[in-house]
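Quick heads-up: it's one chain on its own, the form predicted on its own, in structure tokens.
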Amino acid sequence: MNEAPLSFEAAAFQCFVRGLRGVWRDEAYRGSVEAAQRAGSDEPAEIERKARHSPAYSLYSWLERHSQQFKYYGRYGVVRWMEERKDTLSKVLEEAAKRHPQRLQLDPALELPEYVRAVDTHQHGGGIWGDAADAFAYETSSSAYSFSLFNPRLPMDLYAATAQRLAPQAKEVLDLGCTSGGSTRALKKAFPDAKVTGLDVAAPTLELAHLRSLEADLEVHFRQANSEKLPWPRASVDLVASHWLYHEMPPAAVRRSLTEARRVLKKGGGFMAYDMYLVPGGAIGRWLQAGYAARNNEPFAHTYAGMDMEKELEAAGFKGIEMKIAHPEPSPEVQAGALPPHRTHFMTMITAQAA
């Protein structure tokens, strides 16, 4: 079964929402930046206070919040669409779980972290961990277009290529926070002879990841567990990777996850994290990031960007730490601290080795 197809009407509605995102990314963003520049402050909170009454920023803020709501819960929103087909989608996942069941290890007793249960992340009511409809909705939403309207599949190639450079001989690979398994499948293609396991706390997304791996004829394993307490023995893994995980976790949870990653890694093993971390554009860039985190129900995106990840990784037992903006490739102007011409969620690749 391929992605649950949207009807013509639903696909057309999503094109309309994409158009709204275009206005947010371009005209409303540029007007908001001008308002922020007029504020003349190096403090994001002061910029917010002075710019909040700007018409351009009011439109920008409204679109940032409500275009996501339209995408999920509009007349043809993806969550509503999948909810109407929940019984069928549940049966699809149930049937897939019967095939190669040794590759899918769920833990019904696993307690979801409070920071997962308490937040409707991405404005997805109840989160992606509830049922099959939630899992399919998340997959459809994340594979359609990103907030910045980039092709969301392109970073997977970067993810896999970085992993190959970091741990070319890896035989045991963990992919933390794998959701529906796109990043895990990319790793399996990069390491065809390795045991590759995707890990997540949400059972429905793991079931969907299992289905997609069967469809792709890839022998990938999936396990329901918390990255703060990995069910692997000490020094047993060659590569620990994560894709869009840490910006969804509070700082204390990030630290526990880093400690666990180091515990299970062999000495010299590779660690990589692909996520929003480095924020170009100085105070205005940080102001935009904090606003996004608040308006899209991602409260820890702001705190993650404020962590000193080099220091945190060193404390957890890593060395050779490197971090750079990996996608999209920043222009020389942006590298020098300028804001991009369009609203862009730059992604950072952090790599390190277990000391």
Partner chain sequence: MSAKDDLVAELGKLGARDPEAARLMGMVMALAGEVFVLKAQLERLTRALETGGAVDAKRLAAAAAQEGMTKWLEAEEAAFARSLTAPYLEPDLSVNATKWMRSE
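Positions refer to the first chain, counted from 1. Just so it is clear, the structure is predicted and the values come from calculations on it, not from any experiment.
Beyond the structure shown, there is the form predicted together with the partner chain, which is absent from this document and is the topic of what follows.
Verify the contact flag for residue 75: yes if a non-hydrogen atom of it lies within 4.5 Å of a non-hydrogen atom of the partner chain in the model of the complex, no if not.
Yes, residue 75 is a contact residue.
Looking at the partner-bound form in the model of the complex, is residue 109 within 4.5 Å of the partner chain by any heavy atom?
Close contact is absent here: in the model of the complex, residue 109 is far from the partner chain, nothing within 4.5 Å, heavy atoms only.
So, residue 294 and the partner chain: in the model of the complex, are they within 4.5 Å at any heavy atom pair?
Heavy-atom contact with the partner chain at 4.5 Å: present for residue 294.
Is residue 43 close enough to the partner chain in the model of the complex to count, meaning some heavy atom within 4.5 Å?
Result yes; residue 43 sits at the interface with the partner chain in the model of the complex.
Going by heavy atoms within 4.5 Å, which of 116-124, 178-186, 229-237, 129-137 lines up against the partner chain in the model of the complex?
That would be 116-124.
Can all three of 49, 252 and 290 be found with a heavy atom no more than 4.5 Å from the partner chain in the model of the complex?
Every listed residue reaches the partner chain in the model of the complex, so yes.
So which bits of 295-315 sit within 4.5 Å of the partner chain in the model of the complex, heavy atoms only?
Read in sequence order, the residues that approach the partner chain (within 4.5 Å, in the model of the complex) are 295, 297, 299, 300, 302, 303.
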